[in-house]
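Quick setup: the structure tokens below cover two forms of a single protein chain, split into structure 1 and structure 2.
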Structure 1
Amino acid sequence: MLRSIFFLLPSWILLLVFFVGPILLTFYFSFTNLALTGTQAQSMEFVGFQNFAAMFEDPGFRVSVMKTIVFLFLSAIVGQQVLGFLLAILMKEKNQAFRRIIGIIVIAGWVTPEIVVAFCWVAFLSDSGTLNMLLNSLGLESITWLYSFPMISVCIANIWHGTAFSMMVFQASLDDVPKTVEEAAIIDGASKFQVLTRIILPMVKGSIVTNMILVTLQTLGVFTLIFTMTGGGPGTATQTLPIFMYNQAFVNYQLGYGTAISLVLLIIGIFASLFYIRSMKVQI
């Protein structure tokens, strides 16, 4: 017993101070008027639910919640999940070399650090960037992507960065589908589409659910990509909750209010994580 405490102590100290501590502080600070500068920086007061009342009154908060939902839906659920599955299923039983090349290209986007991803896409989508050059060569007008379609732009960049993860998860689970079952269905006269919807999809259902929660959690925390591509703008066009939290805490110096917003993020994260653990059905 004593020995195991000795082994566990370093990790417990680190996790308590830098992981559990900040989570508890999130709950505490959310109920204070903590500010970065001014008198409230020195004497912080307990203000009850004031931050939350202000938050639900704040149109900026409502906008951010909507933006977060759109960002999650387009880039995580539709984008990464569907594109990742499509890639995995199309690559199944294809020419080995071809599979490898496509795999490497997609994974390259995943290995690239977020800030470089942002830089690549800002350049690619810029007014005289590659995409507009291609459009022009097809005889189409240039589009100011980052101003006219900012949300689409950050979603595409996030899909480019994240799809490889879903692709690899689905590749692994598709490999687990026994070939004999598929072959038997085809002999019984099932079409390719029927094999997909009646046999493959039900068999990989578990990994679809787990992957969806995991990708949603990752996307919920995306800050760097949006912050460096659009800074949340133009206006509030791409101001998701993490950006809104950052602006309130560090631009407007309202740490208490910023923490209340992070508490909302944290609570969504906690529920999604609990779902994730349930879906994993782990044995410990």
Structure 2
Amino acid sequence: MLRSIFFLLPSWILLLVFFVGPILLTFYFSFTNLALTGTQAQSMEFVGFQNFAAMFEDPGFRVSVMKTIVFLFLSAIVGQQVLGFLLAILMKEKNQAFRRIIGIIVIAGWVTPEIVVAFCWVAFLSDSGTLNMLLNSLGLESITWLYSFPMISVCIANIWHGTAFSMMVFQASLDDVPKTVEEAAIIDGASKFQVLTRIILPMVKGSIVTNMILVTLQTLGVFTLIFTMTGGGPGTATQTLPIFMYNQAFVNYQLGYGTAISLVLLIIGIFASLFYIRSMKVQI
């Protein structure tokens, strides 16, 4: 027993220092008036729920929550989840060479660092970018994509970046569905659509929920992609909660207020995960 504790002790210490410690500090700072400059930077004070009260009265916070929900729904739940599942279905039972080629192409977007993905899409969607050059070659006028359609632009970039993860999760899950079950259903007269909706989807329901939780938590934390492409603008068009939190903490120097926003972001992730589990009635 003591020997087991001795070997596990380093991992416990690392978890406490790099995981539990920052969470506890974030929780504590969210109830203080900690700032980067001024007298509050030298002597922070415990202010109770003052940061949270100010947050819910701040119209910028309410706008950011709505933008976060829209970005999460379009890019993660609809985009990455649905597209990843469709790619996995299309690649099911295809030969190994086909799966390998498509897999490499899709995974290339996933392994690319977020900042590189952002620059690639800025180069593609900017006023003098590749997409407008293609439109001009067809005799069409240029479109200011990042100004006229900022949310759609960042959603497409996030879908391109993250779909490979969902595809790999669904591929592994679909490979575990017994072929004999599908063949028996087809022999009994079931169409391919019925096999998909009544056999495959219920059998991979656990993977769907797991993937939804993972892509939701990942998307809630997306900062570099949006900040590089639009800076949260124009105006507040793409100001999601991570952008709003950064502006409050490091532009307005209100670290206490910023950490309170990060705590709300964490709570949103927890409630979203619980909602998926309860609504799909699965055990993770």
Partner chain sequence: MNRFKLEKVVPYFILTVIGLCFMLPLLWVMFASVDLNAKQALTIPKEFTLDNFTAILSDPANIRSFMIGLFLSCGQALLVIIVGVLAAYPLSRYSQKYKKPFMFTILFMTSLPITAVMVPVYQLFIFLKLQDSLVATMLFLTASGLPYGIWMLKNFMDAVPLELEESAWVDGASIWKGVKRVVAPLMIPGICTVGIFTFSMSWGNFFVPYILIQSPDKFPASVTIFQFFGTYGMVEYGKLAAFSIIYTMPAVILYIFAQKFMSQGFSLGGASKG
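Under this definition, the rigid core comprises the largest set of C-alpha atoms superposing within 1.5 Å between the forms. Counting starts at 1 and follows the sequence of structure 1. Here the structure is a predicted model, which is why all the values come from computation and not from measurement.
The second of the two structures is the form predicted on its own. A displacement of less than 2 angstroms separates the C-alpha positions of Thr180 between the two structures, with the rigid core held in common. If you fit the rigid core between the two structures, you'll see the Cα of Ile268 move by 2 angstroms or more. Once the rigid core is used as the reference frame, the Cα position of Lys205 differs between the two structures by less than 2 Å. With both forms fitted on their core, the C-alpha atom of Leu9 sits 3.9 Å from where it sits in the other form; this compares the forms between the two structures.
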